[in-house]
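One chain follows as structure tokens, the form predicted on its own.
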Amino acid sequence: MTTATNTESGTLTSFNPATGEPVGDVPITPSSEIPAIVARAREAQKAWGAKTPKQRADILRPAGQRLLDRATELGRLLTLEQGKPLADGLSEVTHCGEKILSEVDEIADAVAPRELHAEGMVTTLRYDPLGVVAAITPWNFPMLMPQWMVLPALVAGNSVVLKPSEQTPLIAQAYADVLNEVLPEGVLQTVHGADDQGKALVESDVNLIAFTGSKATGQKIMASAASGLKRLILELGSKDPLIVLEGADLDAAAEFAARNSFRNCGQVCVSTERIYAEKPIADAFAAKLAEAAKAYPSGDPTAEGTALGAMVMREQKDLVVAQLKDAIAKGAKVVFGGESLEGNFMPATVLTGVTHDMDIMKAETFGPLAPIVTVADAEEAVRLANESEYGLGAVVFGPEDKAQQVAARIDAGMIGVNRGIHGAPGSPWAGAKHSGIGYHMGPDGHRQFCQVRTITRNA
């Protein structure tokens, strides 16, 4: 089931996607109240923004330990509401707690003033708060995605109005509640609802809109923000390719492909959604991937050993099933999985004989499907990999030198060679083409939440 709006009581009821049972409710925020919420945020920001980045970091740091202390409870809530395995729910909460403890200082350092020196002058480079940040977050990582926006925005001195997905309001509210145990009143507020609340927040008197979600919604936000020239950070759709070259470590490539295609039921912005394997190794790779897929059984998210929980809602599963049926009708072969399970469950599925005239190679999937295209050579693989409007991440497995050369030709923001796309500490999370505007993480990402100012004096 999807999260439902109870119009009589003004609540959102969140349902467990694995069982259909209600998990809990949150009050819907009337759209008419959002301007007043933003006004309170703007007033609260004055005192908050007057503090130094280090002072703000020191205030926020204890929230990290509080998340860790409640990780078991909150991890279970996350799983019940979103559908991912319990171990993954616990890991997400624990990761957020640990990152608060370590990252507040990193953010504070990134946004602290610094000096530039030249003959006869000194320029102070300041990273000042923008004001009020609207954070509109998705359901696939319902605590981590809010943190990516909320934490740097707050340490940078902004106040924040968080509008989490209507599919996962409970865990997002729990996250905000923990932060609000240490924050001054009004610095972080939460708005609950669906499209009407999101639209009202975008149209309100905010300075920056940080959004993660679909390209279509991002376009609407961009159009609405244009009249006020509001700043934007948009992480949008993706269709990440994996290229497997002759000479690659096929065991490592198959293990990566399985993990990156199937974790969280494929509901990850950088999931592998297209695989291009050179012809000499294509069959062997497909066989190894089918074998690796056996490690991802689907079932009760709260049961031990479950690797794939439930998809977050039936509508998302229906999109995945439609892509699978289209591919099979056009000649693709299922070599593992494929059968549609009851409810919101979908098995890990490996397909061969896939071509670019199938929907599965063009539209975002966000489901546990691993489609393999056999290509003649690296040249064809690069051409097809770049044949997409999206460009968030990409991965290449192959002999090091050749893989590096191929990686340099892929039009994506983040590329991994014989490994995933996650970079060394300090690397930004950045997309190319229609996968986004702006970026997160690292000093450059943290500074996206700031107004840059220069003050120059005589030396």
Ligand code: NAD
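Don't overthink the numbering: it's just position in the shown sequence, from 1. As the structure is a computational prediction, the values presented were derived from the model and not from experiment.
There is also a form predicted in complex with the named molecule; it is not shown, and the following applies to it.
Within 4.5 Å of the named molecule in the model of the complex - does that hold for a heavy atom of every one of 253, 283 and 294? Spot residues vs the named molecule: no contact at all.
Could you work out which of 238, 344, 352, 79 is the residue within 4.5 angstroms of the named molecule in the model of the complex, going by heavy atoms? Only one listed residue qualifies here, and that residue is 238.
Answer with one of 302, 214, 102, 72: the residue that has a non-hydrogen atom within 4.5 Å of the named molecule in the model of the complex. The residue in contact is 214.
Determine which one of 105 to 113, 87 to 95, 285 to 293, 364 to 372 lies within 4.5 Å of the named molecule in the model of the complex, judging by heavy atom distances; exactly one does. In the other structure, the partner sits against 364 to 372.
Taking 4.5 angstroms as the cut-off for heavy atoms, does residue 186 touch the named molecule in the model of the complex? Flag for residue 186 set to no.
Does the 4.5 Å heavy atom contact test between residue 397 and the named molecule in the model of the complex come out positive? Outside the cut-off, so no.
Would you classify residue 129 as touching the named molecule in the model of the complex, given a 4.5 Å non-hydrogen atom cut-off? Close contact is absent here: in the model of the complex, residue 129 is far from the named molecule, nothing within 4.5 Å, heavy atoms only.
Hey, in the model of the complex, does residue 330 get a heavy atom within 4.5 angstroms of the named molecule? Output for residue 330 is no: heavy atoms all beyond 4.5 Å of the named molecule.
With the named molecule taken in the model of the complex, which residues across 415 to 435 come within 4.5 angstroms through any non-hydrogen atom? 429, 435 sit within 4.5 Å of the partner.
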